[in-house]
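Below you'll find only one chain, the form predicted alone, shown as structure tokens.
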């Protein structure tokens, strides 16, 4: 399938989805959302894909919503922003966070508004040292969406979440790493190499076990200790019935490299 707003390719078990509207810092439009949904549907359904890498083209990762796509002429009624959230942003966040495969995000430049929160919804986030994260919503009278009010306090704590949301200042990649918002800040010229190397590694790992790990960690914030222990028990049962668990044990005993199939 050909796309106008994204680049999408699959190779060696890795699906790479690149936001591709560099002239507008890869800001979201309804058409871009539609194309992303189609690509993510393929990622979900194709068993040969075992890792997703999300990044942006040009000098930015994503500047959030393209406000020109919501332009209102004088005298017209204001748009119902909840419809855009329901139709586009919420499904995207849910798709990334529930995808039963690892999701890596390589933040190659500014990640602002929804762009920042979409990046933080991914499982492992790498960012170029020149990149920065900006909430930006408060500057136009809005609240953080795309999961921002859920993700930020869980990753950075309430005080930092409030500061980022209300002040909308720039948070450098290195500061984001120190605060625990992202996995790692890397030199700009090494970003894609590091991200591709990480994706290549994850694409050879026990995909089912990684998916169950993701499910457990994402559930932890809303569970009591007893609930989480029960969930671990249930998910470990599923993992223990997998081909990859058997292969991992046999490879360990046989002192050889395992050949995981993601099953």
Partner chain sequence: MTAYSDIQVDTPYNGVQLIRLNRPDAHNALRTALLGELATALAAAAEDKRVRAVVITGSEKVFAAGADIKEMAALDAVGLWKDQRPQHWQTIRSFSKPLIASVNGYCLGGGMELAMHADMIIAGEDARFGQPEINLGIIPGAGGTQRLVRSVGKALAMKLVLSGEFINAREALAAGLVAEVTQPELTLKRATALAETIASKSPIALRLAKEAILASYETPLSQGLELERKAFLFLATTQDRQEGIDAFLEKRPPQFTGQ
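Numbering follows the first chain given and starts at 1. Bear in mind that the values here come from a model prediction, so they are computed numbers and not experimental data.
Keep in mind that the form predicted in complex with its partner chain is not shown, yet the notes after this line are about it.
Only one segment in the set 191 to 199, 58 to 66, 30 to 38, 231 to 239 has any non-hydrogen atom within 4.5 angstroms of its partner chain in the predicted bound form, and it is 231 to 239.
Contact annotation: residue 208 falls within 4.5 Å of its partner chain in the predicted bound form, judged by heavy atom distances. Put simply, residue 212 is close to its partner chain in the predicted bound form: some heavy atom of it is within 4.5 Å.
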